[in-house]
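Okay, so here's just one chain, in structure tokens, the form predicted on its own.
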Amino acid sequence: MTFRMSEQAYLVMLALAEEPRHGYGVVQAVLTLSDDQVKLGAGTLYGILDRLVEAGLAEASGEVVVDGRLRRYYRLTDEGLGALTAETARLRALATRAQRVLGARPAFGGA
């Protein structure tokens, strides 16, 4: 299965690269990683996690009952870490090209 790496999926993977997390922990980590710009709803989060697991990029790593509620923890697989590393390199190269293009633009306005 080919996994489409959206910005939200990338941030979820970054959150899981730090440590295994349960759903609410992922949501909070994504908020922090995105400077409060990306707020994941439950449907979006669990849709991403399901696709990551199906693609072999993440896996459930345990369950804990807290206050009568089940918390399922997820972590990246080695393949997931590789995909995250490759996507980070792709984004870095894209940002470098963008800086080159924007730096080569003539100044507008001015005297």
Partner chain sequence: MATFERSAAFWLRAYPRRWRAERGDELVAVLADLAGPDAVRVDRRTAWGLLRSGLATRWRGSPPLHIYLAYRFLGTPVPARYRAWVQDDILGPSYLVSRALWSVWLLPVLLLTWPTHLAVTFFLVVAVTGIAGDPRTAREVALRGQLAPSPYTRDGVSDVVTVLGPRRRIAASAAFAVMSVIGVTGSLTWTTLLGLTRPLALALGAGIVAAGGGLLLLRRASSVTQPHRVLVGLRPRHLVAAGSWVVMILTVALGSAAGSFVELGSVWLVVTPLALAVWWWSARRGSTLAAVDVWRALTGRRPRLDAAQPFRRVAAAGGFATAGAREVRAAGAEGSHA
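Positions refer to the first chain, counted from 1. The structure presented is a predicted model; accordingly, all values stated were derived computationally and were not measured.
FYI, the form predicted in complex with its partner chain isn't displayed, but the following is about it.
Proximity of V27, A42 and R69 to its partner chain in the model of the complex is complete: all three residues have a non-hydrogen atom within 4.5 angstroms. Within 4.5 Å of some heavy atom of its partner chain in the model of the complex lies at least one heavy atom of G47. Its partner chain is not drawn, but in the model of the complex it has no heavy atom within 4.5 Å of P20. Taking non-hydrogen atoms only, A86 never approaches its partner chain to within 4.5 angstroms in the model of the complex.
Of the heavy atoms in R51, some are within 4.5 Å of its partner chain in the model of the complex. In the model of the complex, its partner chain lies beyond 4.5 angstroms of every heavy atom of every residue of 76-105.
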